[in-house]
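In structure tokens, one chain follows: the form predicted on its own.
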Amino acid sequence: MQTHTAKRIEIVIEKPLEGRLTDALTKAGVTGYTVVPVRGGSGRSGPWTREGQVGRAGMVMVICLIKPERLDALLEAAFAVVERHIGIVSISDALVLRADRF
């Protein structure tokens, strides 16, 4: 089966910023993403949970798979939202089966 190169972007951000982030991604030409609730983790300030130091609103992870040539536009849109807030953006290489979906 033939595979195609893609980029996987994971953005962890505070739940109240989810709409701003997804709107920015859509305006940047991202046609699909998945939003997953984040229950807890550990970072620069140590361990946290949804009930802990981040706040009651919690965190979400937005996951995108895109063609490599769309990466710069996505990163600019994401950075504009996460720049002054709690959040991380990670990028990794991925292989997908149906390139027409991305």
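None of these values were measured; they are calculated from a predicted model. We number the residues from 1 along the sequence you see.
One more form of this protein exists, namely the form predicted in complex with a further copy of the same chain; it is left out here, but the text below deals with it.
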**Prompt:** So, in the predicted bound form, is A24 in contact with a further copy of the same chain at a 4.5 angstroms heavy atom limit?
**Reply:** no
- Query: Does at least one non-hydrogen atom of M61 fall within 4.5 angstroms of a further copy of the same chain in the predicted bound form?
  - Reply: yes
| field | a further copy of the same chain contact at E69 in the predicted bound form, heavy atom, 4.5 Å | value | no
inquiry  = Using a 4.5 angstroms cut-off on non-hydrogen atoms, would G29 count as touching a further copy of the same chain in the predicted bound form?
reply    = no
Contacts from 1 to 23 to a further copy of the same chain in the predicted bound form (any heavy atom within 4.5 Å), listed N to C, are M1, T3, R8, E10, V12, K15, E18
